[in-house]
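Next up: a single chain in structure tokens, the form predicted alone.
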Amino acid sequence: MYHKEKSIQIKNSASALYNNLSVLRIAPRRLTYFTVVHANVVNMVSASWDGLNYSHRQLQSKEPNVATSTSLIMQAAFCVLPSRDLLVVTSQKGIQMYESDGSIMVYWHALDTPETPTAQAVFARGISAVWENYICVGVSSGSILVFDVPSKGSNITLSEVLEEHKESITDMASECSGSQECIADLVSADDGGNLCVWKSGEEFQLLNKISGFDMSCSSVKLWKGTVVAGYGTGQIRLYEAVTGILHAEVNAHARWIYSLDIAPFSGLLLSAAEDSLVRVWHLTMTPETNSVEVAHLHNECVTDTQICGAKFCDGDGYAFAVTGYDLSEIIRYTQS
């Protein structure tokens, strides 16, 4: 179903972080941007669709009054809003927001770090654009910071802090189907496997809380009102977002899941884990019976590699890309 394409080389290898790959497709310019985190650097590659041109950029983690920061970056993710695209980078010190090509930093938010070191690490992780003008970012305390983003310029403001999770945020996702009928439009996950389902607006509303099983939920997606969550057990669970009804549980991997992605137009689901496997599944919704079916379609094995990032490169799932711990390349697969 899929075959391997030529890999894209990156300047540094990928760190072993959840969801360590972000992809932004820029159709008018026939380009795709990729970002991969290595320690305190974001490796950024711009690749032309014909495969002839690649350009590289590296973004350093920043902190005030320090020339070169050593603070580790936890995640880099593209946030697509109707009026603009931003690249959001989270680290142990704060949150950086860039224009999508990485050329200009438009906003910096410092995290509250204690004067004296504590046993509790401080970092930001879990990034999602929500609705028309919000970007949500998770914090190690369990808080979720909601930023109001203007259609242009750098006048980004912290509009709300959501205090519901008690453990570190691992991942967040907004409703990706584009459907206006879905009530829920954001899901957040934490280290205890707990999921919170939100409705965005001038004040975010908590719609539902799905309790975890004391096993970290490392990656989460929201599609057509269904939460798709990947866990350290290697399982994927599908819940109805608003009611919390468990639709399906799949023993998808033998090791810790690091990344999930959904192609919103086709309902293809990508899962990647420490067991060297990337799997493609197909989700089918049956509204009449309020059921979701999961079918396994395809496997790729990246031998001897702890996979840490996997993303579809388009909304149909025609191609996907994979990163692995200590690999200095982005591996690509395309439908045959």
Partner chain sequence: MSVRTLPLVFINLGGEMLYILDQRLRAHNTSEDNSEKVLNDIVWTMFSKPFMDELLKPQQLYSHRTLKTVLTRLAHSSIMRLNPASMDRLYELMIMAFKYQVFVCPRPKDLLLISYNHIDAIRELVKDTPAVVNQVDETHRKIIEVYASSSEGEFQLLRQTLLIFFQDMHVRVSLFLKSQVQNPNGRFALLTSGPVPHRVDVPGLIRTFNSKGREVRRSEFPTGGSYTSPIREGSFELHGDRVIRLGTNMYEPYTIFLSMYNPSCNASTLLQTDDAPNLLAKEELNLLARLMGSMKAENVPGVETGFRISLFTTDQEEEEAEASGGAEESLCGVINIQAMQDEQAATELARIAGQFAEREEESDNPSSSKGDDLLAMMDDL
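Positions refer to the first chain, counted from 1. Here the structure is a predicted model, which means the values were calculated and not measured.
One more form of this protein exists, namely the form predicted together with the partner chain; it is left out here, but the text below deals with it.
Looking in the predicted bound form, is the partner chain within 4.5 angstroms of a heavy atom from every one of 233, 253 and 327? Looking in the predicted bound form, the three residues 233, 253 and 327 all sit within 4.5 Å of the partner chain (heavy atoms).
Look up in the predicted bound form whether residue 34 has a non-hydrogen atom within 4.5 angstroms of the partner chain, and give yes or no. Close contact is absent here: in the predicted bound form, residue 34 is far from the partner chain, nothing within 4.5 Å, heavy atoms only.
Is residue 294 close enough to the partner chain in the predicted bound form to count, meaning some heavy atom within 4.5 Å? Taking the distances in the predicted bound form, the answer for residue 294 is yes, it comes within 4.5 Å of the partner chain.
Contact flag, residue 125 vs the partner chain in the predicted bound form, heavy atom cut 4.5 Å: Residue-level check for residue 125: yes, a contact with the partner chain.
Are any of the heavy atoms in residue 104 no more than 4.5 Å from a heavy atom of the partner chain in the predicted bound form? Result no; residue 104 lies far from the partner chain in the predicted bound form.
Out of 202-210, 77-85, 130-138, 238-246, where are the residues with a heavy atom within 4.5 Å of the partner chain in the predicted bound form? Of the stretches listed, the one contacting the partner is 238-246.
Selected contact from 163, 112, 181, 214, since only one has a non-hydrogen atom within 4.5 angstroms of the partner chain in the predicted bound form: The residue in contact is 214.
Neighbours of the partner chain in the predicted bound form among 1-39 [non-hydrogen atom within 4.5 angstroms]: 13, 14, 15, 16, 17, 18, 38, 39, in sequence order.
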